[in-house]
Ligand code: ADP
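In the form predicted alone, a lone chain appears below as structure tokens.
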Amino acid sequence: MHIVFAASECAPWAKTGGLADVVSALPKTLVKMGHKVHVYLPYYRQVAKMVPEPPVVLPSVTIPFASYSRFARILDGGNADGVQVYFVDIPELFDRESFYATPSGDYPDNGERFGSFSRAVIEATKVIDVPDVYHVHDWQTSMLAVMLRSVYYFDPILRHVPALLTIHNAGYQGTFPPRMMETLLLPWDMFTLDKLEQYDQVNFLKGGIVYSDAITTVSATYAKEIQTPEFGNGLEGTLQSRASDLFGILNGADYSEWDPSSDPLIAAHFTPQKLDGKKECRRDLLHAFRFENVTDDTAVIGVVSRFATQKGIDFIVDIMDRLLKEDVVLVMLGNGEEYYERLLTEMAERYPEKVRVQVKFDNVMAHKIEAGSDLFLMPSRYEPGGLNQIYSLKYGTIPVVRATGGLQDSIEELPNGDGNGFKFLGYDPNDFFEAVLRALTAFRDKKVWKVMMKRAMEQDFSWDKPAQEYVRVYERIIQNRL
């Protein structure tokens, strides 16, 4: 089977979150299963810095508009682990400082940027190799599915090629003024409530939901949640109408990068059978954050997160005073909303003996925190899939999470420490604090804690099972298009 991935992010070239990890890791696993995978990614300025002069595969792909045309080059991004990567080069649209926005807000032409990218991918595949299925991700490439069933409806080459949409976060939808219909040459009869229109705007994600042959999202619980008003962000009705074509597939972890037995970024390697290296990683983490005289009885609590309300950072702030009365130290890494960046920095200044905060993204430090912490906090308001809780399990760092989305599906709390973590149901900081206290109680019983760590580390959240589930969906929608 030949699968084309079209996405706005893919590690290591362009990454702001879990989307990039999925688009990097899932294709590798599909290739190992014997499938052929091509990945298309915009040639952002940041990508050009990493790959300055890639070979040109197609010198000119025409993207028509009403009164003008744009022209894209298709560049060879190389073949790694059997996955062929192509970059779509449209300098006037993607040679910019950031992927999606400036500090003052989103780029106003984002609809044209990613609509053009979607069309360029379709045109490029017609020349390079038409796939058996397109796999598009989030609103940025949803328009590819829309165009397949409209602009390219009568194209005999593409008539029977299905599209699968994966929703990584339904909170980001890509909405634009009605004139976007004309800009992208879409028929006006698609600008209706049952198709692309949402609150008098063109909604890219809605279009992808309506016109894709199937929809997946990144956990079974999130697939149910987004069909409710609380998590559907206005699209719950549209998602309910596609319920029979909506599948929840929990993200896997790329253990070639996140495995304490081989991770080159941590101080010492360790396994469930030989845990000595975990202690060395703990000492290294404390040294990196300039902590001194922290005893083995003190719980090291780690956070690697976007500093935002969605991630439950307000809960961490809320319980901070109570939490720091316990025998703990807290290390936090991340960036995000300026309010929380400033507030957490002030917290660290107020509690210099117990709290350290680094406001930045640092992959090396993220690995150190996963390897050296005892507990890991993820009190997310919602978490479609989540990856950090899965990384934490592999490193024997026990997660404390809210029971939502992928956190609910991957973490199980049982009496006497027989689960792999701790979780709370209500969206309430007091419930969160009680879960942390339960975790600290277990941590103090070294025998129970050691068994819990080993159990967590031995769990398999690799991409093998999710990839098989994706293949079943691919096969289903290919068969339905015949």
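In this text, all values refer to a predicted model and were calculated from it rather than measured experimentally. Residue positions are given as counts along the sequence shown, with the first one as 1.
Note that the form predicted in complex with this ligand isn't included here; everything after this is about it.
In the model of the complex, Lys274 stays away from this ligand, with no heavy atom inside 4.5 Å. Contact between Tyr153 and this ligand in the model of the complex is not found at the 4.5 Å heavy atom cutoff.
Although the partner is absent here, Phe361 is a contact residue: one of its heavy atoms lies within 4.5 angstroms of this ligand in the model of the complex.
Residue contact check for Ile74: none of its heavy atoms lie within 4.5 Å of this ligand in the model of the complex. Only one segment in the set 236 to 244, 287 to 295, 108 to 116, 331 to 339 has any non-hydrogen atom within 4.5 angstroms of this ligand in the model of the complex, and it is 331 to 339. For the three residues Phe270, Tyr395 and Thr441, a heavy atom within 4.5 Å of this ligand turns up in the model of the complex in no case. Proximity to this ligand in the model of the complex, defined as a heavy atom within 4.5 Å, singles out one entry of Arg306, Arg96, Arg283, Arg350, which is Arg306. In terms of contact with this ligand in the model of the complex, the residue from Lys278, Lys311, Lys368, His137 that brings a heavy atom within 4.5 Å is Lys311. Shown without its partner, the chain has Met378, Glu383, Gly386, Leu387, Asn388, Tyr391 in segment 376 to 394 as residues with a non-hydrogen atom within 4.5 angstroms of this ligand in the model of the complex.
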